[in-house]
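As structure tokens, one chain now follows by itself in the form predicted alone.
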Amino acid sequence: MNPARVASTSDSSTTLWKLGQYQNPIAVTFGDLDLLLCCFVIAPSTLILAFYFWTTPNVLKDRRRWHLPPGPPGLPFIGNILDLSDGERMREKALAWTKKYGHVFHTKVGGADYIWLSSPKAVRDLMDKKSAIYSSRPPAPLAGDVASAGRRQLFMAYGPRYRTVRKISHALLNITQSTKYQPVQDLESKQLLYDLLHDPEHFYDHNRRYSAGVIISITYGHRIPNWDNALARSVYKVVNNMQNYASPGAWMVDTFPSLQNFPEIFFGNWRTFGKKCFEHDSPIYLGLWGNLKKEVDTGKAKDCFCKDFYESNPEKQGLDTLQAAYQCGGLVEAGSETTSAFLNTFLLFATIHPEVVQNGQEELDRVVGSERYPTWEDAPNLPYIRAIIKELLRIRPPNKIGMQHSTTEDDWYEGMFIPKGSLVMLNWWAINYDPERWESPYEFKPERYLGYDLPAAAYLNVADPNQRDHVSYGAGRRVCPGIHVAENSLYLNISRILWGFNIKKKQVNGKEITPSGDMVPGWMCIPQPFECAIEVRSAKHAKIIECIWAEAEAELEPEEKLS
């Protein structure tokens, strides 16, 4: 018998090693394989399963979960994440689930409970009436903690800091304050008309320049005369960074927050990526904030959000420099891409639906005529233009998933259990496309809103929730603070574009090109670039556009002029 290797005659599957060495390296028995299997497969799997059940709510730990809202079954461990990660099909899934499971239903993503509110009544009862416990945000280790350093209002949990920044946002963007920004919107709208007159082929980027120009002027007091402006490009890079990590399901660590305790190398190096985003974004916002403070201190700052914010002394309100910088930058993020997306979506539907263009122009010709252009004062007399805006937001809300809230306490609703920490989704697809309320909901029909003559903000708290125009600005304490500025931009530009231009399908080799209506990848509802024909309605309209822009540009500083 080999003295270095002793095998038991009673159990040939047990092998003992002396001095930790094989003298016969091929002699690995079934017992050795069992040991390896246990060490490298069974034990780690058991630990992972134990960790999952320890961190994930289940009926064994909480019997109230038997009363969760009904919902579609999901896969083990990952739940319905594959359904929710496909943003292009989210509208159809949300509608199908609502039809099958009712106006409040449940899905699972990893260890997170998603509660979908799919009727105006459920939204009013929970997000509005119980906003004290339905206004938080779920944990987001990448998007909220690392990439944003906990400073972005969009990802901020409900608490003292959020209440402070929300109060500031609403104080500086309320309906009274928003009128201060109308001259900026008027100026940029005049340039938009001029750009469309002289370069209609690039309408898509002209709308993006308008959107960026307005929000950057309102926020920082700096004008963006063209789309190639370095400041506009840097800000849009920040917005694009955020698109890469803000979409639900984009990063596993934000779907399974407990994974932040494991090495990042197994989960896409999420922490490294988040730090790179923060290292790119924060110097831009800190630089803009620092420059703004110098301009205010030297008396050179123009009226803008940041000036009012700085003069309110944010440090006394408990906000550090980084929070102040991100407070201002957050406005740009919220208002830059969304407004341009709505304007380009309007042109998309105007191209596909010539009757909308005709009806809008008939109203404008009757109220405004061809001797002048639409102004703020015309708004109450243009109900069809207002209807176009509402129909636009109904049919294409800001993103493809819905608006996320999170609960801070357990709750019950109509006999259904809603656990603390649930992600509560405002299912705007189901509400905005409800066939019982909206006839032919997939069709773009502004006339359905004739009679809704007020801006969207006036319908936020209407007594009957079923009479709200749409839910695309959100609900409760997370409603969009820029609602007044956004509505003003949409009114001014849609009315002026229809007043001055004909919009129709482009013809190539005698054939009309019909836009597909597809959206760009990502979580926002942004139309794919498309082609259309934009032509000035008459020489008289063209002359007015030339004149109003020449007068406006003459009052600008040299660096602010288009040419």
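All of these numbers come straight from a predicted model, not from anything done at the bench. Each residue number is its position in the shown sequence, starting from 1.
Just so it is clear, the following notes concern the form predicted in complex with ligand HEM, a form of the same protein that is not shown.
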property: Exercise: R166 in contact with ligand HEM in the predicted complex, heavy atom 4.5 Å; result: yes
property: Contact test in the predicted complex: Y162 vs ligand HEM, heavy atoms, 4.5 Å; result: yes
property: Ligand HEM contact at A486 in the predicted complex, heavy atom, 4.5 Å; result: yes
property: 4.5 Å heavy atom contact, G71 to ligand HEM in the predicted complex; result: no
property: Ligand HEM in the predicted complex: contacting segment from 345 to 353, 254 to 262, 326 to 334, 438 to 446, heavy atom within 4.5 Å; result: 326 to 334
property: Residue among A94, L393, V104, A246 with a heavy atom within 4.5 Å of ligand HEM in the predicted complex; result: L393
property: Selected contact from R271, K108, R137, R124, since only one has a non-hydrogen atom within 4.5 angstroms of ligand HEM in the predicted complex; result: R137
property: Sequence-ordered list of residues in 203 to 223 near ligand HEM in the predicted complex, where near means a heavy atom within 4.5 Å; result: I215
